[in-house]
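Quick setup: one chain, the form predicted on its own, written in structure tokens, and binding and motion questions come after.
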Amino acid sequence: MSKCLIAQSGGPTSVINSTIAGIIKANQMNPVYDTVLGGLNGIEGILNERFVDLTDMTDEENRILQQTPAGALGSCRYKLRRDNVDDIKKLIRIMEKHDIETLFYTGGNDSMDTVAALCEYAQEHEITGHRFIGCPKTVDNDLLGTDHSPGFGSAAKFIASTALQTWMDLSVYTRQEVFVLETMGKDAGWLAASACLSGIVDVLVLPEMVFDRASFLAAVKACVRKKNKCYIVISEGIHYADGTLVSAAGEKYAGQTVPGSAANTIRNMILTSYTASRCRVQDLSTSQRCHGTERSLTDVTEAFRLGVSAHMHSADPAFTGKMVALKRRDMETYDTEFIAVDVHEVANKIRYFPAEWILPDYQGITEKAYAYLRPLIKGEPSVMMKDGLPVYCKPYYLR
């Protein structure tokens, strides 16, 4: 009996479960596999043979799964290393033991590298009957090979909405105020840039640009002088010319410097330089990836359809070592299709926010950037509610 296995890895998103739901629903409509298994806690759980049967999920369960944020199957940060051949051998033996033909692995850069490593080993050792397929997800939107990653659109919508709402709160006072909003984004500034969709960002700092203290403070001071207010958005990974993180002035733990908060560092910089008399900060932390109330309908729909497409591609017994990706047909009219890219073109690479989309002097982003971002946050999905709260499925790893 042919089986497939679905697992998640890395940081979750608010739509990652929609992709899983898409694979399950597609197999119910076109049963390529007799059984659909869920692997609990990614590779870590698979190596411990922790599975759940998802084959006969009801329509209502599928719909609830689609609207459940974070990873319903659980995730892991366990890295499947190429030099750890024992792990790879064990995983393939487990697939053989449970008659698992296909592994769908949903995640970001490390997850795509896992798919690549497994595929390489199978090809090098002429192992047939086991296939490995990547499904992209990351709020950071830093995966190559795809126009955008499922999860980013909803995170962008949440960030832009939060920026607008906190700006309205900031603006009620006549006193001088500066606000610093910090988003995720260690290497790429997609999330911070999305805050500009709110229309209220005065100063934007991304990891793709070198942070210059004097130029930054001059931009803030000019804004405060003009408006008596300044709304600043930064990525967590902003850095100086030598690569040192702005947040690097952290505490020592076990002999290592633990990075502090970039937003708090910026706040102290503004206050101690007398650039402004008041400054508040907001670090969005995990809220930008696990929220489930301001999701983008475009994002939810595409995540589900990507799962369906991955299942459809897997009907070809030669389909392995690929990541199913999104391709935008043109920038004028938003229209996408699903394509397959070689996972080796994606693994361990970073897709940066385009330098040509960044305005000089921390003044925001270009119209081309807005044209790229706007369609990704469109629409609001209907949400099943109970007693005033969204209905979510109980995580499978807690059952």
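All values reported here derive from a predicted model rather than from experimental measurement. Throughout, we count residues from 1 along the sequence that is shown.
There is also a form predicted in complex with a further copy of the same chain; it is not shown, and the following applies to it.
70, 198 and 281 all contacting a further copy of the same chain in the predicted complex, non-hydrogen atom within 4.5 Å: The answer is yes; 70, 198 and 281 each reach a further copy of the same chain.
Might residue 218 be said to contact a further copy of the same chain in the predicted complex, defining contact as any heavy atom within 4.5 Å? Answer no; every heavy atom of residue 218 is more than 4.5 Å from a further copy of the same chain in the predicted complex.
Any non-hydrogen atom of residue 168 within 4.5 angstroms of a further copy of the same chain in the predicted complex: Yes, residue 168 is a contact residue.
Taking any heavy atom pair closer than or equal to 4.5 Å as contact, tell me whether residue 172 reaches a further copy of the same chain in the predicted complex. Flag for residue 172 set to yes.
Does a further copy of the same chain come within 4.5 Å of any heavy atom of residue 207 in the predicted complex? Answer no; every heavy atom of residue 207 is more than 4.5 Å from a further copy of the same chain in the predicted complex.
Of the options 322, 291, 131, 148, which one has a non-hydrogen atom that comes within 4.5 Å of a further copy of the same chain in the predicted complex? Flagged contact: 291.
Looking at heavy atoms inside 4.5 Å, which stretch does a further copy of the same chain contact in the predicted complex, given the options 346 to 354, 363 to 371, 37 to 45, 333 to 341? Contact-bearing stretch, as computed: 37 to 45.
Scan 268 to 282 and write down, in order along the chain, each residue with a heavy atom lying within 4.5 Å of a further copy of the same chain in the predicted complex. Counting only heavy atoms within 4.5 Å of a further copy of the same chain in the predicted complex, the contacting residues of 268 to 282 are 268, 271, 272, 274, 277, 278, 280, 281, 282.
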